[in-house]
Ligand SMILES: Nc1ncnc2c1ncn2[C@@H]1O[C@H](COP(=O)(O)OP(=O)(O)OP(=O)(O)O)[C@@H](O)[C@H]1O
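Given next, in structure tokens, is a single chain: the form predicted on its own.
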């Protein structure tokens, strides 16, 4: 398994590494033709929002709405970024298949899977009344009913995945914490104790599978608050304690950016945490540390929409640094901090 990838320090270079080239299937019309050649009566329609590392499309097969997901290699655009292989797509589809029979975790059903061209055709959960949680948030309409469902589902996901037999992943805990802890390292250039502590915890607790991309762009909810999870390509073996604070960090982010009222965000965090705790324990100190690290990681708007202004970015930095500098060690303290910053 890909558990122990160690990293060299970033250093300036004038020679760019040679990365695998993208295929022509990254173009919508070429992908459609290729799938038609394989016997599918398919028409690919619109490109959907999101999909930073993959192309995701609306499509019609035999009059039925589906979603087509195709992945190409992602080449780093600066020295702090990683090359992300399109093989991440294979990990995503494996997790979807593992969760297919789950009684507790809902994911889209896979109709067709073509590993040689890293393409999956799956259920469009919007046909069942689900909408992307991130869309609700940026429209300032956070569904509070989803808090308990997501907390419970994340806990059950952690619990169920501990029964899985080990398998290879495209990334490792070392890579993941290096990427997600970059802004934390920059925030404390003369003292790396915060990052080194979290790196040690994240890497040493790598006996189980972890989903580091469990955020509102990868969750669909319906009017009852039920949740469907998507996009597991960057998952790996790491610290499962990261999953809940990683998700809730985005509720904090959007509250501090003005999309969720502080009182609503506080209520949402408490409901989600309480639901999670009914199934899995929570270490409060590590929860606070991981959540603050993720807020810093996104504080300048990396890979998320709606964080653009100076005021928004400063609010996020102030919140995260307050957690670290004031040694916030309990969840009630952290929740109160949302209305203090």
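Numbering follows the first chain given and starts at 1. These numbers come from a predicted model, not from an experiment.
Although it is not shown, the form predicted together with the ligand is what the next lines describe.
- When contacts are judged by a 4.5 Å heavy atom cut-off, residue 126 counts as touching the ligand in the model of the complex.
- In the model of the complex, residue 254 stays away from the ligand, with no heavy atom inside 4.5 Å.
- Within this chain, residue 217 lines the site of the ligand in the model of the complex, having a heavy atom no more than 4.5 Å away.
- Although the partner is absent here, residue 312 lies well away from the ligand in the model of the complex, with no heavy atom inside 4.5 Å.
- 48 is the sole member of 48, 279, 282, 60 with a non-hydrogen atom within 4.5 Å of the ligand in the model of the complex.
- In terms of contact with the ligand in the model of the complex, the residue from 31, 288, 56, 273 that brings a heavy atom within 4.5 Å is 56.
- Per the 4.5 Å heavy atom criterion, the ligand in the model of the complex is contacted by stretch 65-73, the sole one of 31-39, 65-73, 304-312, 289-297.
- Residue 108 is the only one in 75-113 with at least one heavy atom within 4.5 Å of the ligand in the model of the complex.
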